[in-house]
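The chain below stands alone and is given as structure tokens, in the form predicted on its own.
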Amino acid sequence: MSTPSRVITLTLDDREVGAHTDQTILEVARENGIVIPTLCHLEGLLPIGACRICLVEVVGSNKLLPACATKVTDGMRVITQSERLTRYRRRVVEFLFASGNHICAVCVSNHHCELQDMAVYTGMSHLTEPYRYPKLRVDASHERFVQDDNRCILCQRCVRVCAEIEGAHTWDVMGRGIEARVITDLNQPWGESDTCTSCSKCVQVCPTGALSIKGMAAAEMKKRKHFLAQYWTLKEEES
């Protein structure tokens, strides 16, 4: 039996705020106009804390905690902005760029890319780590869409929206560490998938140019995530 939610008080950046015990730090911060950057998080999908951009400091904890997946507690003291966090977030973004092949000038999502926006937000103007230049797959076997692993940041938004909203369970993650890749079905070409409904939800929630619509030129791929809010509005009306 689940514990009923109750009202508590916590501190965000020296500011005392009210919250419910079933809320996360990120939810409470956003309710109070406090910006905590994220990449893998998307309202309407279950949080997984994959990108580590939203890490915050919690007084009394010896490690940084993901704001999107950490529930608030009574009396909690949270620091969302500090020199340590800024440095850490910049390094995470830097590693994301270094581990893939993110050539912004020729990307379909140039100027419409959340990773690009995060580089600007964190002040990452160049890399101090060497590029890995991995030789990754581009799957254009689907009639309508393209998957480019070179631009994937493993946020798993596509995996979650396909499972939680569309219910097709087409996407999954294969491998671990730097060898991890997002795959369709049992590592079949996307165009041969028996489960894909061609709904385009995965494409629309992708924060980079890893998933795109065929025929898009550089800087043309704008993502439209409004369907998530519409979906949950309808679910609430049904209940």
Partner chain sequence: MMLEALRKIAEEHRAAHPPTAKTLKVCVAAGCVSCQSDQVKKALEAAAKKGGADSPIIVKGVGCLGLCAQGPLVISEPGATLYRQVKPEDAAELAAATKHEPVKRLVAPANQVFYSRQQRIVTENFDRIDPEKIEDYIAADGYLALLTTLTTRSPAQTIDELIKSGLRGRGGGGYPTGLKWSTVAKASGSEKYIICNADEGDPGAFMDRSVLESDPHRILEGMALAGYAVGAQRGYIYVRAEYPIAVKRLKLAISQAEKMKLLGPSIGGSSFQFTIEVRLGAGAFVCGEETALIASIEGKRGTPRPRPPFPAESGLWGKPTLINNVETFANIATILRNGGDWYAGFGTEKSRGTKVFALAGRINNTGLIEVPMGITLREIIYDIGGGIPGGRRFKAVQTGGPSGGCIPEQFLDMPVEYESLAKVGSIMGSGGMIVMDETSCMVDVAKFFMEFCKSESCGKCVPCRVGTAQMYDLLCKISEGRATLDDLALLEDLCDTVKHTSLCGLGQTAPNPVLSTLRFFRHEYLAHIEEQRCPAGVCKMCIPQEIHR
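Positions refer to the first chain, counted from 1. In this text the structure is predicted, and so the values were computed from the model without any measurement.
The discussion below concerns the form predicted together with its partner chain, not included here.
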message = Each of Leu154, Val173 and Arg176 having a non-hydrogen atom within 4.5 Å of its partner chain in the predicted bound form: is that the case here?
response = yes
ask   = Just to confirm, Pro37 within 4.5 Å of its partner chain in the predicted bound form by heavy atoms?
value = no
query = Taking heavy atoms only, is Cys51 within 4.5 angstroms of its partner chain in the predicted bound form?
reply = yes
message = Please tell me whether any heavy atom belonging to Arg132 falls inside 4.5 Å of a heavy atom of its partner chain, as the geometry stands in the predicted bound form.
response = yes
query = Is Leu96 close to its partner chain in the predicted bound form, meaning a heavy atom pair under 4.5 Å apart or at it?
reply = yes
remark   = Among Arg144, His111, Arg137, Arg87, just one has a heavy atom within 4.5 Å of its partner chain in the predicted bound form, namely Arg87
message = To verify the annotation, which of these, Val182, Val205, Leu55, Ala29, has a non-hydrogen atom within 4.5 Å of its partner chain in the predicted bound form?
response = Leu55
key: its partner chain in the predicted bound form: contacting segment from 190-198, 29-37, 205-213, 62-70, heavy atom within 4.5 Å   = 62-70
